[in-house]
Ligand SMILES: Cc1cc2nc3c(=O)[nH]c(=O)nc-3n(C[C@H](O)[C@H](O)[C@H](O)COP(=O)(O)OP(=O)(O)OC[C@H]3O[C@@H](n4cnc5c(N)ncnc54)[C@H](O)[C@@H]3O)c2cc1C
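So this first bit is one chain, no partners, the form predicted alone, shown in structure tokens.
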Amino acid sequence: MGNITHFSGKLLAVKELAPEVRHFVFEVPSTFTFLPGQYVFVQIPLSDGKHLKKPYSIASSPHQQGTLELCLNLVKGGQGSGYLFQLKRGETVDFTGPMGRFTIHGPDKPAIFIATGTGIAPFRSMISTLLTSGKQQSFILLAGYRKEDSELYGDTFRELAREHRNFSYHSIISQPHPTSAGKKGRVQLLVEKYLPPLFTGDIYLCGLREMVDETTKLLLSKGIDESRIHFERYD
């Protein structure tokens, strides 16, 4: 685990992933290390000269030394996202981290990752790390979104699924366009469909409290032991 430190990062690139959702790439010291699933605090400067700390999951792999990537949505009235969304390339941000215990608990066990919205960010880091490390056990990513245009990193995960036979990716839309031919419903429907019988691995949940709580209840009803369910809630 990387030591908690204060450091600065220069904004290298910004990409819009979906309406009001952006991917940020920062240049950071090559000495910065972290575990997949951890987060950093962004120091938000306030008008009175003080700072506000906001946590954001790291969306990049630890293998990418010298860069730090974040994924976040614009929150109406949110000081953290409002600050980051107005940044220009070349400007610097102050960070503190890494923080958090939402990390890979059993690197040699099969795993299912369940996310909604920007809760996908830590899983981008975890899954990339596991597959790059040559792990051969089964990994399944289940992701829920509201609209067709709100899917995040879909092309990346579909490409990983083509490259790695032990990884599969499934997404679902809760409020699709009337003409949509895709899967409709909440992410719990994917759990019902893709949770293997007698599953012995770990399950990771990340998203809003309602999804995490409801999906945890579903998993417990399926006989998954609570000790194998790991989660991080965004509200």
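Here the structure is a predicted model, which is why all the values come from computation and not from measurement. In case it trips you up, residue 1 is the first one in the sequence shown, and so on.
What follows is about the form predicted in complex with this ligand, which we do not show.
Novice: Using a 4.5 Å cut on heavy atoms, which of F199, Y56, Y169, F32 is close to this ligand in the model of the complex?
Specialist: Exactly one residue meets the criterion: Y56.
Novice: Only one of these stretches, 70-78, 90-98, 126-134, 155-163, has heavy atoms within 4.5 Å of this ligand in the model of the complex; which one is it?
Specialist: This holds for exactly one stretch, 70-78.
Novice: Just to confirm, L208 within 4.5 Å of this ligand in the model of the complex by heavy atoms?
Specialist: Because a heavy atom of L208 falls inside 4.5 Å of this ligand in the model of the complex, the answer is yes.
Novice: Any of the heavy atoms of T118 lying within 4.5 Å of this ligand in the model of the complex?
Specialist: The answer is yes: T118 has a heavy atom within 4.5 Å of this ligand.
Novice: Can you tell me which bits of 203-235 touch this ligand in the model of the complex, meaning any heavy atom within 4.5 Å?
Specialist: Read in sequence order, the residues that approach this ligand (within 4.5 Å, in the model of the complex) are L208, E232, R233, Y234.
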